[in-house]
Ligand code: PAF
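This document opens with one chain alone, in C-alpha coordinates, the form predicted on its own.
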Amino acid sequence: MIIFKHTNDISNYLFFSEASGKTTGFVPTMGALHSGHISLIEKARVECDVVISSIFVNPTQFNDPADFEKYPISIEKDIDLLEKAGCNVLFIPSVTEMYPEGLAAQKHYELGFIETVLDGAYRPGHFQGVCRVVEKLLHIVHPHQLFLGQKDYQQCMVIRKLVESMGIKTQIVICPTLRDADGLAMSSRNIRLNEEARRKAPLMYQTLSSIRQIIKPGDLSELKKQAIDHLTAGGFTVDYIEIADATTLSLIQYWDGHTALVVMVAAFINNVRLIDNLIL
(Lines give C-alpha, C1' and ligand atoms only; values in the text may rest on other atoms or scores of the structure.)
Protein backbone atom coordinates (compact mmCIF):
# COMPACT_ATOMS: atom_id res chain seq x y z
CA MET A 1 0.00 0.00 0.00
CA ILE A 2 1.33 3.42 -0.99
CA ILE A 3 0.67 6.28 1.44
CA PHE A 4 0.40 9.92 0.41
CA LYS A 5 0.10 13.03 2.55
CA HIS A 6 0.00 15.71 -0.14
CA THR A 7 -2.67 16.43 -2.74
CA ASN A 8 -0.34 16.90 -5.71
CA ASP A 9 1.52 13.67 -4.98
CA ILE A 10 -1.53 11.41 -4.91
CA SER A 11 -3.15 13.16 -7.88
CA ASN A 12 0.02 12.79 -9.97
CA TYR A 13 0.42 9.16 -8.95
CA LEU A 14 -3.14 8.24 -9.89
CA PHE A 15 -2.89 10.10 -13.19
CA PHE A 16 0.56 9.07 -14.36
CA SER A 17 1.17 5.69 -12.70
CA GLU A 18 0.05 2.17 -13.54
CA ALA A 19 -3.22 3.07 -11.81
CA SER A 20 -4.10 5.25 -14.81
CA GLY A 21 -6.55 3.53 -17.11
CA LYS A 22 -7.74 1.14 -14.42
CA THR A 23 -11.04 1.34 -12.57
CA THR A 24 -10.69 2.96 -9.16
CA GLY A 25 -12.81 2.61 -6.03
CA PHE A 26 -12.64 5.12 -3.19
CA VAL A 27 -13.51 4.63 0.49
CA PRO A 28 -13.20 7.90 2.45
CA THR A 29 -12.96 7.54 6.23
CA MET A 30 -12.25 9.52 9.37
CA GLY A 31 -10.17 6.71 10.80
CA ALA A 32 -10.85 4.67 13.95
CA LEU A 33 -11.59 1.88 11.50
CA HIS A 34 -13.76 -1.15 12.22
CA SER A 35 -15.13 -4.10 10.25
CA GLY A 36 -17.74 -1.89 8.59
CA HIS A 37 -15.02 0.20 6.95
CA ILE A 38 -13.11 -2.92 5.95
CA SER A 39 -16.23 -4.36 4.31
CA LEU A 40 -16.29 -1.30 2.06
CA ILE A 41 -12.63 -1.89 1.14
CA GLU A 42 -13.44 -5.51 0.35
CA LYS A 43 -16.41 -4.51 -1.81
CA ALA A 44 -14.22 -2.01 -3.66
CA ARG A 45 -11.63 -4.74 -4.27
CA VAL A 46 -14.28 -6.88 -5.94
CA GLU A 47 -15.62 -4.05 -8.09
CA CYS A 48 -12.45 -2.14 -9.02
CA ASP A 49 -8.85 -2.61 -10.11
CA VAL A 50 -7.38 -0.09 -7.67
CA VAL A 51 -8.70 0.61 -4.16
CA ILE A 52 -8.06 4.02 -2.62
CA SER A 53 -8.91 5.13 0.91
CA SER A 54 -8.41 8.27 2.95
CA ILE A 55 -8.17 9.05 6.64
CA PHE A 56 -9.10 12.61 7.52
CA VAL A 57 -11.04 13.85 10.54
CA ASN A 58 -12.83 16.74 8.89
CA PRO A 59 -13.23 19.70 11.27
CA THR A 60 -15.85 21.50 9.15
CA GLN A 61 -18.49 18.82 9.70
CA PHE A 62 -18.38 19.01 13.51
CA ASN A 63 -20.89 21.57 14.76
CA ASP A 64 -19.67 20.80 18.31
CA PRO A 65 -15.92 21.49 18.73
CA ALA A 66 -15.83 19.20 21.79
CA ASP A 67 -17.07 16.32 19.65
CA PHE A 68 -14.23 16.96 17.20
CA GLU A 69 -11.68 16.91 20.03
CA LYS A 70 -13.05 13.61 21.35
CA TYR A 71 -13.07 11.82 18.00
CA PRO A 72 -10.98 8.64 18.37
CA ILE A 73 -7.62 8.49 16.58
CA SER A 74 -5.85 5.18 15.85
CA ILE A 75 -3.78 5.90 12.77
CA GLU A 76 -1.20 3.10 13.06
CA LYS A 77 -3.87 0.46 13.64
CA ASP A 78 -5.90 1.90 10.76
CA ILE A 79 -2.97 1.69 8.35
CA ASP A 80 -2.38 -1.93 9.33
CA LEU A 81 -6.06 -2.84 8.82
CA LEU A 82 -6.20 -1.17 5.41
CA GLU A 83 -3.01 -2.84 4.23
CA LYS A 84 -4.23 -6.27 5.33
CA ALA A 85 -7.59 -5.66 3.62
CA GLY A 86 -5.89 -5.03 0.29
CA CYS A 87 -6.13 -1.24 0.00
CA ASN A 88 -3.69 -0.05 -2.67
CA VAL A 89 -3.45 3.69 -2.01
CA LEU A 90 -4.02 5.67 1.20
CA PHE A 91 -4.33 9.45 1.49
CA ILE A 92 -3.69 10.99 4.94
CA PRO A 93 -3.78 14.77 4.53
CA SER A 94 -3.44 17.42 7.21
CA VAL A 95 -6.09 20.06 7.84
CA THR A 96 -3.95 22.71 6.12
CA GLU A 97 -3.48 20.41 3.13
CA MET A 98 -7.24 20.04 2.72
CA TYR A 99 -8.10 23.63 3.63
CA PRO A 100 -5.15 25.79 2.53
CA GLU A 101 -7.50 28.77 2.35
CA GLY A 102 -8.48 28.26 6.01
CA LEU A 103 -11.66 26.96 7.59
CA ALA A 104 -13.67 30.18 7.55
CA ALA A 105 -13.81 30.97 3.83
CA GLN A 106 -15.92 28.11 2.47
CA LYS A 107 -18.44 27.78 -0.35
CA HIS A 108 -22.09 27.07 0.35
CA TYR A 109 -23.94 24.12 -1.16
CA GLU A 110 -27.61 24.32 -2.08
CA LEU A 111 -28.90 21.09 -0.58
CA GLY A 112 -32.53 22.10 -0.15
CA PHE A 113 -34.97 20.15 2.01
CA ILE A 114 -32.62 17.27 2.75
CA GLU A 115 -30.41 19.55 4.86
CA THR A 116 -33.28 20.77 7.05
CA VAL A 117 -34.54 17.49 8.55
CA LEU A 118 -33.24 14.75 10.84
CA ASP A 119 -29.50 15.26 11.42
CA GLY A 120 -29.66 18.43 9.36
CA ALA A 121 -31.95 19.96 11.99
CA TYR A 122 -29.94 18.74 14.99
CA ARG A 123 -26.46 19.37 13.58
CA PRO A 124 -26.62 22.69 11.71
CA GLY A 125 -23.80 23.06 9.22
CA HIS A 126 -22.84 19.39 9.43
CA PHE A 127 -23.79 18.47 5.87
CA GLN A 128 -22.20 21.62 4.48
CA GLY A 129 -18.94 20.39 6.01
CA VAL A 130 -19.48 16.91 4.61
CA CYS A 131 -19.98 18.33 1.12
CA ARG A 132 -16.87 20.50 1.37
CA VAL A 133 -14.57 17.64 2.18
CA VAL A 134 -16.19 15.12 -0.17
CA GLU A 135 -16.03 17.48 -3.13
CA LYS A 136 -12.35 18.17 -2.40
CA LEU A 137 -11.54 14.48 -2.08
CA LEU A 138 -13.38 13.53 -5.25
CA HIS A 139 -11.55 16.20 -7.23
CA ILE A 140 -8.24 14.91 -5.85
CA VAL A 141 -8.88 11.19 -6.41
CA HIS A 142 -11.33 11.19 -9.37
CA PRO A 143 -12.60 7.69 -8.55
CA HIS A 144 -14.89 5.68 -10.80
CA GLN A 145 -16.85 4.48 -7.76
CA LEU A 146 -17.39 5.86 -4.26
CA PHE A 147 -18.26 3.30 -1.56
CA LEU A 148 -20.40 4.42 1.38
CA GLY A 149 -22.10 2.65 4.28
CA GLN A 150 -25.87 2.68 4.70
CA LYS A 151 -25.56 3.46 8.43
CA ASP A 152 -25.06 7.09 7.44
CA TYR A 153 -28.22 7.03 5.32
CA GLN A 154 -28.89 10.76 5.18
CA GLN A 155 -25.23 11.48 4.50
CA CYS A 156 -25.34 9.03 1.59
CA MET A 157 -28.28 10.91 0.11
CA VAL A 158 -26.58 14.28 0.64
CA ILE A 159 -23.44 13.04 -1.14
CA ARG A 160 -25.54 11.63 -3.97
CA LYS A 161 -27.18 15.06 -4.39
CA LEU A 162 -23.76 16.74 -4.29
CA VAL A 163 -22.38 14.46 -7.00
CA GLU A 164 -25.42 14.98 -9.22
CA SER A 165 -25.54 18.76 -8.75
CA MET A 166 -21.79 19.20 -9.38
CA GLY A 167 -21.84 16.96 -12.46
CA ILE A 168 -19.25 14.63 -10.93
CA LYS A 169 -19.09 11.35 -12.86
CA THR A 170 -18.31 9.12 -9.87
CA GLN A 171 -20.82 6.32 -9.26
CA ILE A 172 -22.05 6.00 -5.66
CA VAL A 173 -22.27 2.49 -4.21
CA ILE A 174 -24.17 2.21 -0.91
CA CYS A 175 -23.30 -0.93 1.07
CA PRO A 176 -25.27 -2.58 3.91
CA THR A 177 -24.70 -1.63 7.53
CA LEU A 178 -22.48 -4.06 9.39
CA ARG A 179 -23.57 -4.95 12.92
CA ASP A 180 -22.16 -6.63 15.98
CA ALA A 181 -23.74 -9.92 17.01
CA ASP A 182 -26.24 -8.11 19.26
CA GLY A 183 -27.38 -5.81 16.44
CA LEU A 184 -25.51 -2.62 17.32
CA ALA A 185 -24.43 -0.86 14.13
CA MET A 186 -20.65 -0.68 13.89
CA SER A 187 -19.40 2.85 14.45
CA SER A 188 -16.15 4.53 15.39
CA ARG A 189 -18.06 6.21 18.21
CA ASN A 190 -18.77 2.85 19.85
CA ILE A 191 -15.23 2.98 21.23
CA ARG A 192 -16.41 5.74 23.58
CA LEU A 193 -19.15 3.62 25.16
CA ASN A 194 -18.43 2.40 28.67
CA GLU A 195 -19.44 -1.12 29.69
CA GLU A 196 -22.93 -0.13 30.88
CA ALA A 197 -23.69 1.99 27.82
CA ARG A 198 -22.44 -0.72 25.48
CA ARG A 199 -24.78 -3.19 27.16
CA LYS A 200 -27.75 -0.85 26.64
CA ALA A 201 -26.84 0.32 23.12
CA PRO A 202 -28.41 -2.61 21.16
CA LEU A 203 -31.83 -1.39 22.30
CA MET A 204 -31.62 1.10 19.43
CA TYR A 205 -31.54 -1.64 16.80
CA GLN A 206 -34.17 -3.67 18.67
CA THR A 207 -36.50 -0.66 18.61
CA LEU A 208 -36.05 -0.16 14.87
CA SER A 209 -36.60 -3.86 14.24
CA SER A 210 -39.82 -3.73 16.26
CA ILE A 211 -41.09 -0.84 14.13
CA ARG A 212 -40.34 -2.82 10.97
CA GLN A 213 -42.30 -5.78 12.31
CA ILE A 214 -45.45 -3.96 13.43
CA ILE A 215 -45.80 -0.97 11.11
CA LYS A 216 -49.15 -0.77 9.32
CA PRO A 217 -50.68 1.72 6.87
CA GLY A 218 -52.22 4.73 8.56
CA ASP A 219 -51.20 7.30 11.17
CA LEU A 220 -47.64 6.64 12.41
CA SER A 221 -47.51 9.15 15.27
CA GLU A 222 -48.33 6.68 18.06
CA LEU A 223 -45.82 4.15 16.74
CA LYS A 224 -43.06 6.77 16.84
CA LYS A 225 -44.11 7.94 20.32
CA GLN A 226 -43.96 4.38 21.66
CA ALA A 227 -40.50 3.92 20.16
CA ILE A 228 -39.22 7.13 21.76
CA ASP A 229 -40.69 6.14 25.12
CA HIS A 230 -39.08 2.70 24.83
CA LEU A 231 -35.63 4.15 24.17
CA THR A 232 -36.01 6.79 26.88
CA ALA A 233 -36.94 4.11 29.41
CA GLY A 234 -33.82 2.22 28.35
CA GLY A 235 -31.53 5.11 29.24
CA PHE A 236 -31.34 6.98 25.91
CA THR A 237 -31.84 10.67 25.30
CA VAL A 238 -33.54 10.75 21.92
CA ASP A 239 -32.96 13.45 19.32
CA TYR A 240 -35.41 11.86 16.90
CA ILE A 241 -37.06 8.72 15.64
CA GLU A 242 -38.60 9.44 12.26
CA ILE A 243 -40.11 7.45 9.44
CA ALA A 244 -39.34 8.94 6.05
CA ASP A 245 -39.72 8.34 2.35
CA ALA A 246 -36.69 6.19 1.53
CA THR A 247 -36.05 8.15 -1.67
CA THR A 248 -36.72 11.78 -0.73
CA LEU A 249 -36.44 11.72 3.09
CA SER A 250 -39.79 13.52 3.33
CA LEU A 251 -41.11 12.73 6.79
CA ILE A 252 -44.15 10.45 6.71
CA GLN A 253 -46.95 10.99 9.22
CA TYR A 254 -49.55 8.88 7.42
CA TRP A 255 -48.41 5.85 5.43
CA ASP A 256 -50.27 4.73 2.32
CA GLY A 257 -48.91 1.20 2.59
CA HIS A 258 -46.99 1.50 -0.69
CA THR A 259 -44.31 4.18 -0.33
CA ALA A 260 -40.86 2.74 0.41
CA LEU A 261 -39.86 3.85 3.91
CA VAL A 262 -36.79 4.14 6.09
CA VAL A 263 -36.92 4.52 9.87
CA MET A 264 -34.09 6.63 11.28
CA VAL A 265 -32.94 7.32 14.81
CA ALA A 266 -30.40 9.50 16.59
CA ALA A 267 -29.98 9.24 20.35
CA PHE A 268 -27.44 9.70 23.12
CA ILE A 269 -26.34 6.99 25.52
CA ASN A 270 -23.77 8.00 28.13
CA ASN A 271 -23.23 11.28 26.23
CA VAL A 272 -22.27 9.40 23.05
CA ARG A 273 -24.50 10.15 20.07
CA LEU A 274 -25.40 7.12 17.96
CA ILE A 275 -27.39 6.89 14.73
CA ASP A 276 -28.99 3.98 12.94
CA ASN A 277 -31.65 3.19 10.35
CA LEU A 278 -33.57 0.35 8.76
CA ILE A 279 -35.30 0.12 5.42
CA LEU A 280 -38.94 -0.82 6.06
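Numbers for residues come from their place in the sequence shown, where the first is 1. The model shown is predicted, which means the values in this text are computed figures rather than measured ones.
We do not show the form predicted in complex with pantoate (PAF), though everything after this point is about it.
For the marked spot (120, 245 and 264), a heavy atom within 4.5 Å of pantoate (PAF) in the predicted complex is absent from each of the three residues. Stretch-level contact check against pantoate (PAF) in the predicted complex with heavy atoms at 4.5 Å: of 251 to 259, 208 to 216, 233 to 241, 23 to 31, the positive one is 23 to 31. Screening 158, 185, 140, 133 for any heavy atom within 4.5 Å of pantoate (PAF) in the predicted complex leaves a single hit, 133. Not displayed here, pantoate (PAF) is kept clear of residue 39 by more than 4.5 Å at the level of heavy atoms in the predicted complex. Taking non-hydrogen atoms only, residue 180 never approaches pantoate (PAF) to within 4.5 angstroms in the predicted complex. Remark: residue 58 counts among the residues lining pantoate (PAF) in the predicted complex, judged by a heavy atom distance of 4.5 Å or less.
Within this chain, residue 97 is remote from the site of pantoate (PAF) in the predicted complex, having no heavy atom within 4.5 Å. Taking pantoate (PAF) as positioned in the predicted complex, none of the residues of 217 to 237 brings a heavy atom within 4.5 Å of it.
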